[in-house]
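Presented as structure tokens, the chain that follows is alone, the form predicted alone.
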């Protein structure tokens, strides 16, 4: 049974615009030679937009703006029809990583309603009765420091959470008296460095069950006629468990997960933003949340 594989030179599969994507197509023909009708390699990069269930049917105009946006589409003929010998054959290739026309390359990002993906696909056509062979391999695109991308600058955020600062609570008299103070080192962050900060429970009339920090992505798909905005949780880290001591500083530390985050992005058809939620859960399972929009950059 013949097998097909794509091996990239770079083990981490990370490339920047203008670089050469180098590698080899490996064909394992087994014990006998193998006939084929040609081998082609396709490099594709696209943005796939999806509507959440609550937004479907809201706007007819959406469906035209939600077609996948093609960023790259190259096709290479690797081998003309012929035969490959028994055993393993490696065919080297290199393709420049360049956007199609006047398009721009965005960073690889796997979201819920926005997906930015780059892949190499190799196709080996076989004669009549034999099954065609296919193999797809994803690679990752990151911005290079030559891009005009914004650099992260320290922008500290001081915060106080108390019943008075809560905005989305209907019955404030039911909220126990409490006061939490703290700071985040910056609201503009480099994606490869952790989010740091600290918080302190100064006073709380009821027992605390847990303090958590959430990373939330806010994905917006749309056009001039309107847009759909959806927030989904990426990760949740518990930073304190149980009724914490009052007046003691609790550190905040969060590393941004790769692929599920990307530098904050805003285009005509879609936007990807990120937010941090600090969640305090009381003993009776009531919880209060404070929200902080953050901006992520590559450098």
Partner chain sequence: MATYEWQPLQRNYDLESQRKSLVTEAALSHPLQSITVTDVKADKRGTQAKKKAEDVKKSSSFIDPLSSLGPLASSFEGSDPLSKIASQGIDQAPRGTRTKSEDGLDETFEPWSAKKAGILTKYTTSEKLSITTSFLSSADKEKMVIKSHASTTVTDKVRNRLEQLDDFEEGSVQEMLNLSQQDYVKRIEELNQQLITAWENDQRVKALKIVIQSAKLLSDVSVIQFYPSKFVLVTDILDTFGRLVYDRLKEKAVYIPAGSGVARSLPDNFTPDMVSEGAKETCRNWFFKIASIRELIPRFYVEVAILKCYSFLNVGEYNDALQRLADMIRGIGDPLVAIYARCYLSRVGILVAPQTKDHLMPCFDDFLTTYSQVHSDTVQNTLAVQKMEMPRYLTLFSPALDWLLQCLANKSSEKTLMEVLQKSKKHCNSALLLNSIISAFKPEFVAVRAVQFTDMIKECEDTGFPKHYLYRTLGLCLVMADPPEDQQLTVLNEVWKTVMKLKNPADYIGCSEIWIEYVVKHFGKKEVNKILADIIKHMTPDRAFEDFYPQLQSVVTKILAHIHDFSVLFSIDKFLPFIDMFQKESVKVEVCKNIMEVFVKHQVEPTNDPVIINATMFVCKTMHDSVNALTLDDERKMISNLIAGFIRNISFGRDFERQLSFYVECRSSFSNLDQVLVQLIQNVNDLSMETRRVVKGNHSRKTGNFVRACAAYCFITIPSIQSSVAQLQLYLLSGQCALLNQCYSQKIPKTLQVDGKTRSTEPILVEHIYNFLSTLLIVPDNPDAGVLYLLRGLLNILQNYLWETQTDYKVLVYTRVLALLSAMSQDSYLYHADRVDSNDSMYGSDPKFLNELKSMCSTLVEEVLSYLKTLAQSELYKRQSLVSLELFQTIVCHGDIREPSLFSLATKLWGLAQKHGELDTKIMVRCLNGVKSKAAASTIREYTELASKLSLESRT
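Positions refer to the first chain, counted from 1. Predicted model, so just to flag it, every value in this text is computed and none were measured.
Keep in mind the form predicted together with its partner chain is missing from the figure; the text below concerns it.
Listed residues 69, 29, 250, 231 were compared with its partner chain in the predicted complex; 250 is the one with a heavy atom within 4.5 Å. Taking 47, 41, 272, 240 one by one, only a single residue has any non-hydrogen atom within 4.5 Å of its partner chain in the predicted complex, and it is 240. Looking at residue 12, you'd find a heavy atom of it within 4.5 angstroms of its partner chain in the predicted complex. With a 4.5 Å cutoff on heavy atoms, residue 212 counts as touching its partner chain in the predicted complex. Among residues of the shown chain, residue 86 is not one whose heavy atoms approach its partner chain to within 4.5 Å in the predicted complex. Its partner chain is not shown here, but in the predicted complex it comes within 4.5 Å of a heavy atom of residue 236. The chain is drawn here without its partner chain; in the predicted complex, the stretch among 153-161, 204-212, 104-112, 75-83 whose residues come within 4.5 Å of it by any heavy atom is 204-212. Taking its partner chain as it sits in the predicted complex, the stretch 254-270 comes within 4.5 angstroms of it through a non-hydrogen atom at 255, 256, 258.
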